[in-house]
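The chain below stands alone and is given in structure tokens; this is the form predicted on its own.
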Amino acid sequence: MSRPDPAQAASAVSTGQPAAKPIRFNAFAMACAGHQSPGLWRHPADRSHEYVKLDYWLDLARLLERGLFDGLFLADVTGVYDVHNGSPAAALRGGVQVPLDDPMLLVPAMATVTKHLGFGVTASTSYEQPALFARRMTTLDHITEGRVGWNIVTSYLDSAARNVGQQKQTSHDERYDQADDFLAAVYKLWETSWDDDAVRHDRAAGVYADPDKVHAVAHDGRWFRVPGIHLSEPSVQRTPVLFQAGTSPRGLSFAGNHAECVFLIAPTQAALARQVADVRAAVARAGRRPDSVRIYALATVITGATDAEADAKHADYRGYADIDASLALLSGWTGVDFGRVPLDATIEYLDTDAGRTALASFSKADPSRVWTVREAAEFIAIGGRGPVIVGGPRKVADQLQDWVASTGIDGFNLAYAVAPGSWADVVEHVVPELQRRGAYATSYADGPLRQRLFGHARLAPDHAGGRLRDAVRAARRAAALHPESEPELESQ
């Protein structure tokens, strides 16, 4: 959404220095208390327990727009973390992403107090229905004037599956197969059901929409059937900006076809650089330009006016860490009950049907280190599985730029230690320092979210959804020239 300042780039050229790569920020949040920092909800400066109050979200949206963040990335789960000791008790005691509210319902209110901030909402292809979900996302895109993205997840908690009447979740790779079918259905709804000029709003003729330009999608897949039309007229972007986070082999294949923005999590630069290379290779294998995706990495920034002030905050925050709650979070991510594993035991990689990436980020992504259960729990106690960057404005800016240069990412999904204070500190201290270096936007670009991120408002022609859209349009043109033939792609 944000763009580098042309004056800053010109200044860099005039002095013979290479222009700094612009760094992008999203805020990583959830409609709950604590989110990625188990135990920090107890800190007196933390307001995350106010997630049930509308003013909390309005204040946060205003803050992030003031800081020129690309967007607010809202995570979600549809189950409870009950793997730890076979019970949700630790999650409930520690506020581990429970209780929580629905992130989609927060967006309209935040949109009313902002003009540019994007909103990435999480929804699972395992538990939604394409036609109803497509209408909700189109509605959000309408009322935000094109500022909505969708974080596509397949879910990883058995408790979520049970809550919708299933005995357990389907296997990891099969969930991605189901997601492919879901995406095919919603692409048809968003991109092919309504022609661009279908809505006439012609009072004199008494025609609101031209029936000849509204098409049934006739989707008949293995998991989903959608015979009819999209109920909503096209929004600014039609398809929301598509986010995805999986880095398992099947997840990478899915990202190569569908993701426009990829969210990566790794504890070290070496591990993150490998993930970035894997993502871009998957995009290339799907017939897309490797640089056609924006990659954001998880990080937590603890900062202040000076290094000493930041160090003091970090030490203070660590005193509120809740190891048992951290283990509840890690157990849910991985499907491994760490409540039954000694704290000093080493973590070994296990291929589970929950979250393969979560466990591999410790045990495989950094082969030079052997993690104990205790070390992993302490590591994720502030900010989750990404790095914690501590220091005054210059030190933090140096580290952020080093992570970008060393890994090839485009920016960061910034988690928090305390909310909204962690983001407020970034806006006050780090953003001005990055702007001074020519490495951060000084204004928002115009247009909807996809336009600001990629320079075009609609899905690119080499994207899976763009290819489907263009193929259907070509088939319709051919059918119009030869009425005796049927546009076969509509029923695929």
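Everything quoted here is computed from the prediction, not taken from an experiment. Each residue number is its position in the shown sequence, starting from 1.
The same protein also exists as the form predicted in complex with another copy of the chain; that form is not shown, yet it is the one meant from here on.
Contact with another copy of the chain in the predicted bound form, defined as a heavy atom within 4.5 Å, holds for exactly one of Gly411, Gly383, Gly94, Pro420, namely Gly94.
A single residue from the set Ala270, Ala312, Leu105, Ala281 has any heavy atom within 4.5 angstroms of another copy of the chain in the predicted bound form; that residue is Leu105. Residues Asp307, Pro432 and Tyr440 are none of them found to lie within 4.5 Å of another copy of the chain in the predicted bound form, as judged by heavy atom distances. At the 4.5 Å threshold, heavy atoms of His142 reach another copy of the chain in the predicted bound form. Proximity of Glu233 to another copy of the chain in the predicted bound form: non-hydrogen atoms within 4.5 Å are present.
Of the heavy atoms in Val226, some are within 4.5 Å of another copy of the chain in the predicted bound form. In the predicted bound form, at least one heavy atom of His43 sits within 4.5 Å of a heavy atom of another copy of the chain. The stretch from 391 to 399, 211 to 219, 270 to 278, 373 to 381 that comes within 4.5 Å of another copy of the chain in the predicted bound form, counting heavy atoms only, is 211 to 219.
Residues from 77 to 91 that approach another copy of the chain in the predicted bound form with a non-hydrogen atom closer than or equal to 4.5 Å are Val77, Thr78, Gly79, Val80, Ala89, in the order they occur in the chain.
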